[in-house]
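What follows are structure tokens for two forms of the same protein chain, given separately as structure 1 and structure 2.
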Structure 1
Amino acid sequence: MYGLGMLKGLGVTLKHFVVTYLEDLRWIGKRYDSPESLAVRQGSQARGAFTVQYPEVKLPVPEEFRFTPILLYEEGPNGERKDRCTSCGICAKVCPPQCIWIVRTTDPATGRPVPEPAEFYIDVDICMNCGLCAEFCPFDAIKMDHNYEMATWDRLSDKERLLKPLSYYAAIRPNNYAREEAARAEKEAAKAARQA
């Protein structure tokens, strides 16, 4: 009578244990590798316990997944890079934990600022991955990355580590990229129509 609740709990555990092995036998040969098996094993019809064998097998991340910010640059026809960032500082101002530092480039002859960052730092230990910097960037220079495997010995991400080509962003977020490029083309067309 007193151990009946404990026996019922152990029965539930034993049931999940047996069902897990039966499911593994059902999916033998394609357990974790195919998108079909992942969808079934993670869906509402799943039975038993399911564990992905990370790091050999990684679950696909959704397009809207965000981790740390990255800086985008456009690739020229001859391989030259044109940073989208103009070091305006809006991202640093809207950042809640204040983890973004930008050093503007200055023209050595005149001492006037050049619209390109000399240095761009993000302290990834402080960054809370909120995405406000990407949302408020008027030049679409900052976007949120999908890469969550970033083990390093230092906590600061400098400009060279943060820079990614526009094609990388198009690969990880194809729907957002297409929508943004359509809006950019529409804006350019309206600007050309006003000037004509």
Structure 2
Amino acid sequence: MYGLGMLKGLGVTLKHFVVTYLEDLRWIGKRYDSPESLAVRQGSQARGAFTVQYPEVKLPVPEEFRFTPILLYEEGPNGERKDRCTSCGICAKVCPPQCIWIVRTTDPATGRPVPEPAEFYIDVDICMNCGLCAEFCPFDAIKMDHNYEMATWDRLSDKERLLKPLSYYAAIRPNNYAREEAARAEKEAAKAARQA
């Protein structure tokens, strides 16, 4: 019969339409913002309408998600900051669009370089979010952020804007943090053993 194919197809859309409302009933009251409903609705069990109401509802991002780079600092017991970056320049050298500028610190007395950046700029305008800087940083100092809502007046980020405490990193990437800290501790122990 002519039109049967169309009717069959319309059956698919009709089912989709009905299921959307059945799902509404199933998740009554918590369909749009509860983590447990989102986990199902955005997984392979999803049925009916698939969209979420951004920005009211935000999907959680996976741990490996990368957006723009951040610099990490360690917090001392009295709140003092210690940059992890040693201004070795590997991130600037590996950066594909060349959006990282590092101004090195020199000791005013001796004129010799100090392993700490005086300034650190990232032109977020140019950054292509590839994550190579974080991947090849030997000091775990530059990492990729999870924050993807970053409207600003100036897209050139300086050190002040880039610096984030280590605890922030531990919160957004717990598994990576645990793995890296274990590796660092091991290295430290090996170094101490060699010196002893």
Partner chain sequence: MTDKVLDNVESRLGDGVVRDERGGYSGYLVPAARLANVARTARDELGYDYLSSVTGVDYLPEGKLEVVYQLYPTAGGAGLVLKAQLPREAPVVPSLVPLFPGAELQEREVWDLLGIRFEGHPDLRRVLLWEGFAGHPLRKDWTEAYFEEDAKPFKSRWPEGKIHRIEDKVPFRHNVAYPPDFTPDGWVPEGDAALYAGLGQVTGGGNGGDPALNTDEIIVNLGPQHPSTHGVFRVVVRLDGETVVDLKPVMGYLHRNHEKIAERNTFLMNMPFTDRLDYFSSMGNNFGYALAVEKLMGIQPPERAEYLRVMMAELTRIQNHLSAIGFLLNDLGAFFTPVMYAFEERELILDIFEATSGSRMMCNYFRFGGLERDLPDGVLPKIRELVYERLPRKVDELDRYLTENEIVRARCIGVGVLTRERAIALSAAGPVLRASGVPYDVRRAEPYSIYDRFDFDVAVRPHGDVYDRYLIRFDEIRQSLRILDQVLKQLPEGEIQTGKPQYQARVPAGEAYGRVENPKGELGYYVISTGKPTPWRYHVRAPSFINLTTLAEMSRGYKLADVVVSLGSIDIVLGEVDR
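So that the term is clear: the rigid core is the largest set of C-alpha atoms that superpose within 1.5 Å between two forms. Note that the structure is predicted; figures quoted are calculated from it, not measured. When a residue number appears, read it as a position in the sequence of structure 1, where counting begins at 1.
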* Asked: Does structure 1 or structure 2 depict the form predicted on its own?
  -> 1
* Asked: Is it true that E181 shifts between structures 1 and 2 by 2 Å or more at the Cα, once the core is aligned?
  -> no
* Fitting the rigid core first, would the Cα of G48 be found 2 Å or more away between structures 1 and 2? -> yes
* Asked: Angle of the smaller rigid part's turn relative to the larger between structures 1 and 2, in °?
  -> 16
* For V18, what C-alpha shift in Å is seen between structures 1 and 2 once the core is overlaid? -> 4.3
